[in-house]
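Shown next as structure tokens: one chain only, the form predicted on its own.
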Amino acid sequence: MGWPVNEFPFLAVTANELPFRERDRRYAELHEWPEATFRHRSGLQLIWRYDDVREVLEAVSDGISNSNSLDPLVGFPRIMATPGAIPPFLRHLVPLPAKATANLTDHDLHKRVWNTMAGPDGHFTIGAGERADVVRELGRHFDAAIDAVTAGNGKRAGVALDVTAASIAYAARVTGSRVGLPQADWSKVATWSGAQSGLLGRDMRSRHLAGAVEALGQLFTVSSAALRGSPGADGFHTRLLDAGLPRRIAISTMANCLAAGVHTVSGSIQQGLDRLLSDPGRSWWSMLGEPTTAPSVIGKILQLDPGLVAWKRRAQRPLTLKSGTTLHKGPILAMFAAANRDPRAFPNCLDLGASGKLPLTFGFGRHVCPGKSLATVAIEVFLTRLYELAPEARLVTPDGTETSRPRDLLFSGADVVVA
């Protein structure tokens, strides 16, 4: 006899609502669950075992599709039944945006888009000879974000730093500049990104749903304008057009890049720092001060505490995975943050030096995230620069009443303030 359904570790909460120790406990319980799938109240089939998640993320097996990856969790009917959402939807999102990256099912076209972004000469590819310049650029974004959040007092001893706000400002600058958005719009990228992430993973209603649709619409409108770019300028818009991509697909590619970067980077920074500074011995934190050991800490954070914790796929029909796990027809939630802790693939996953398989944080196979290199370096720069700025930093309790983070099936972060 199986466990009672009401004891499923993620039945009533999501990773976004939990401090890291509670997340650790619930993920461990998840891998003790007697079944390999769970039908969530959202209608999604949850899977979390490493081999199953890898196969579903890769989406090359017959019957597994990535076509629903960017569909709103609430569905289009609820959006069109929300009065406040209808005007911005019609103004900005009709006709519906073209599929471009995560949800593009034309494999040849998908490869062209992906190569433009992350191929040998892709826009988001960081070659060995480019890394130093990229690190310097990211360092400038770090300084600007710290100054913006602390009113220029970030380097004074004792000043409290809202890492959640600083990491979002930083990720918005990194993403907006890399995609080629005018600097005046960088501060708005976080709002637009939050709109898409909210629509993807939250059960939104009423004014919250209407506000998210409006912000998402603005994202696509601005992406359309940015695609025109400056005459003669060499940027992301030029690469997309030179690749011969249809204009609607190029617009969606820009919008998706803007939306994907902010919460993935900032959430990993927030959750990672919460873990690093909660350790009484601060051993991982101190390793950020050495260039030879910092990358291993960043890699472990991206394995355990990614800002994006799951992704959607669809079973086109009832099917059986290679492991023997059976899936019903319908939408799937591949919980790769959970898969990154599967004891079958990662014995002793909480140990920094433990061996294991390739973490699935950035996907797998032909659908691996094209921004993987940039996101990894961006997270490393923020955390190592913060260590340089405040090696004795400590977590402090934010002023005021406790805030509750929204229930989100796809994205996760933490409320972190340090002094």
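Just count from 1 along the sequence shown to find any residue number. Just so you know, these numbers come straight off a predicted model, no measurement behind them.
Below, we turn to the form predicted together with ligand HEM, even though it does not appear here.
Item to check | Position in contact with ligand HEM when the complex is considered in the predicted complex, options 362, 27, 50, 38, heavy atoms within 4.5 Å | outcome: When ligand HEM is considered in the predicted complex, the option within 4.5 Å is 362.
Checklist entry - Out of 64, 374, 44, 381, which one falls within 4.5 Å of ligand HEM in the predicted complex, going by heavy atoms? => result The residue in contact is 374.
Checklist entry - Does any heavy atom of residue 114 come within 4.5 Å of a heavy atom of ligand HEM in the predicted complex? => result Judged by the heavy-atom cut-off of 4.5 Å, residue 114 is in contact with ligand HEM in the predicted complex.
Checklist entry - Does ligand HEM come within 4.5 Å of any heavy atom of residue 193 in the predicted complex? => result No, residue 193 is distant from the partner.
Next on the checklist: Would you classify residue 54 as touching ligand HEM in the predicted complex, given a 4.5 Å non-hydrogen atom cut-off?
Outcome noted: Contact check for residue 54: no, nothing within 4.5 Å of ligand HEM in the predicted complex.
Checklist entry - Is there a non-hydrogen atom of residue 142 within 4.5 angstroms of a non-hydrogen atom of ligand HEM in the predicted complex? => result Heavy-atom contact with ligand HEM at 4.5 Å: absent for residue 142.
Checklist entry - When you measure heavy atoms, are 92, 189 and 248 every one within 4.5 angstroms of ligand HEM in the predicted complex? => result Judged in the predicted complex, none of 92, 189 and 248 sits within 4.5 Å of ligand HEM.
Checklist entry - Residues in which of 238 to 246, 82 to 90, 128 to 136, 305 to 313 have heavy atoms within 4.5 Å of ligand HEM in the predicted complex? => result Every other range fails; the passing one is 305 to 313.
Next on the checklist: With ligand HEM taken in the predicted complex, which residues across 84 to 107 come within 4.5 angstroms through any non-hydrogen atom?
Outcome noted: In sequence order, 101, 102 come within 4.5 Å of the partner.
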